[in-house]
Structures are given as structure tokens and as C-alpha cells.
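One chain comes next, on its own, written out as C-alpha cells in the form predicted alone.
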């Protein structure tokens, strides 16, 4: 899913416009694999694997592979449909600059929901 995030977001002009003030490096952790997603003016500039103790990021969104797989289903089951719902279930956590994350939460939710549109999701 993560390998398609850049094209899904950058190919959606409305989503890029919504995030036009967003400039951040987000650590997206799926199970034990992390990727730094560089967001600049609402566009995803790069998605790169985390380099051990070298990668810098502003905030992190971490969840198990199973939680992400369910979240990315075209129609997720209840309590797996939203980032906050996954936090309430104890299956996801936010870390780092939470002010920056929360200021851009709607945009980030839409970015992370984008893989639901892919065929054969999860």
C-alpha cells in the first residue's frame, strides 16, 4: 500500500489542495517496517524506508500490519475505519509533534485512506 501512496495523493488535486499548508516528515510504521513520508505543500515528495536511527521525522503513526490491513479495506469493519478509532482500540499510536499532526489531522486521514481505492486492497 505504501508504495502507491505518492501517486494516489499527488494524483488527487482536491487532496493536494486541502493539504497545501502541510509540510512535514511523517513516520508511517506498518508492523516492524517504517517509512518516512515527506509531505511538502500537500504533495508527497518522497516515501523512503527508515534507515536505522538516522531518519528524522516530525510525528509517527504506528500500527500493526493487521490493523493497517483492516484499515485499508474498501469497507473496513467497525472500529477499524478511522485513525482515532484504532487508537481507542489500542491498535494504533501517535508519537512526536502532536500539535503538527492534529493541526493536519483531516488531511492526514484522507491521505492514509487513499489506498482503499486500490484493487485487491490488503
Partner chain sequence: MSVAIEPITGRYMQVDIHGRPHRLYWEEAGSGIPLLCLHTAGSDGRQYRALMNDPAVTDRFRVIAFDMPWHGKSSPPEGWQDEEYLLTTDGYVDLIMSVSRALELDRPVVMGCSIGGRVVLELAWRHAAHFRAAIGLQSSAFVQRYFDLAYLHKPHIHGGEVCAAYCYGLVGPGAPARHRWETLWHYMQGGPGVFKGDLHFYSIDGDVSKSLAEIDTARCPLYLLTGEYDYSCTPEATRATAAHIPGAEVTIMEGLGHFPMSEDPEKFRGYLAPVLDRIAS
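Residue numbers count along the first chain shown, from 1. Quick caveat: nothing in here was measured; it's all calculated off a predicted structure.
Not pictured, yet referred to below: the form predicted together with the partner chain.
Using a 4.5 Å cut-off to the partner chain in the model of the complex, each of 85, 99 and 113 places a heavy atom inside that distance. 79 is the sole member of 40, 48, 79, 33 with a non-hydrogen atom within 4.5 Å of the partner chain in the model of the complex. Here the chain stands by itself, but in the model of the complex one stretch of 40-48, 54-62, 68-76, 25-33, 68-76, has heavy atoms within 4.5 Å of the partner chain.
Shown alone here, residue 109 lies within 4.5 Å of the partner chain in the model of the complex, counting heavy atoms only.
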